[in-house]
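As structure tokens, one chain now follows by itself in the form predicted on its own.
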């Protein structure tokens, strides 16, 4: 059992039953989350007996860092981790001024299988456990020897199809006793799993929510995102309004611009009509081309015209500039590697 799957009080109870002092738990967690120590033997202020007990009954590090790729501009790093069962996942570090953002994976593969994305190309294998999500953060922070400032659940997988483990990870990530990353600096991206957006709202977290929209109409969306075709856009927008009202957080919409699919001015007009009554931001992402999928990136003039139209309608629009494309670390490019 990974010790990272425990919260402080739960571990206190478990160790107390074995006759160990409650304060030892705080010491253990300080070693892990503050000092980023990855073996129990290095926890020198614990008794030798307790360290032996921990070694026999708990694991601390289950992910193996197999490879790091660094982009030419040095602003993006992609980390390949091997899981205990031989599967692989990827996480991405994005550096921008004072921000150090990690993009974490929540599943091995992806059930949603958007037709333009590499993550679900080889199928879905399993959900990640909360400690496997947390270990991605600890592993990257340890690699750069600095604390991370932001966490985005935008790596491999659909976070809301692994809701309980993602919530457990968020609670540990954001708690002052652990990683102390404010929920306001945590973003969960979803393709729009309607019933789980409602469940997330009920859990009273204050994380940012981003909808992978990518189309202004149900007709276009079901062609490129067939898994979520049962969720109508009007219902998703209503649910997201409710989430924003409840959490007091703005909603963001991710919109990948794909040549001749969703990049026309007509699509921009429909997008404005869809979102004009919700307080939100729109993040335009020119498509990062992936071999064998057949989709293309629009030319720069098309991107400029689409963005300019939305800005002329007073929409809050930004354009994500591609980082890490040369190491296949950009949006939609993370792909499952073969199991050993």
Ligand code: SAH
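Numbering follows the first chain given and starts at 1. All values derive from a computational prediction rather than experimental measurement.
The same protein also exists as the form predicted together with this ligand; that form is not shown, yet it is the one meant from here on.
Residue 287: touches this ligand in the predicted complex, heavy atom cutoff 4.5 angstroms: Flag for residue 287 set to yes.
4.5 Å heavy atom contact, residue 91 to this ligand in the predicted complex: Taking the distances in the predicted complex, the answer for residue 91 is no, it never comes within 4.5 Å of this ligand.
Partner contact for residue 116 in the predicted complex: this ligand, 4.5 angstroms, heavy atom: Looking in the predicted complex, residue contacts with this ligand include residue 116, since a heavy atom lies within 4.5 Å.
Partner contact for residue 77 in the predicted complex: this ligand, 4.5 angstroms, heavy atom: Heavy-atom contact with this ligand at 4.5 Å: absent for residue 77.
Candidate stretches 176-184, 237-245, 210-218, 67-75, one within 4.5 Å of this ligand in the predicted complex by heavy atom: That would be 210-218.
Option touching this ligand, based on a heavy atom within 4.5 Å in the predicted complex, out of 163, 137, 197, 256: Of 163, 137, 197, 256, the residue with a heavy atom within 4.5 Å of this ligand in the predicted complex is 256.
The unique member of 102, 154, 172, 108 whose heavy atoms fall within 4.5 Å of this ligand in the predicted complex: Looking at 102, 154, 172, 108 one by one, just 154 meets the 4.5 Å heavy-atom criterion.
Residues within 4.5 Å of this ligand in the predicted complex, restricted to 182-210 and counted by heavy atom: Residues within 4.5 Å: 189, 190, 191.
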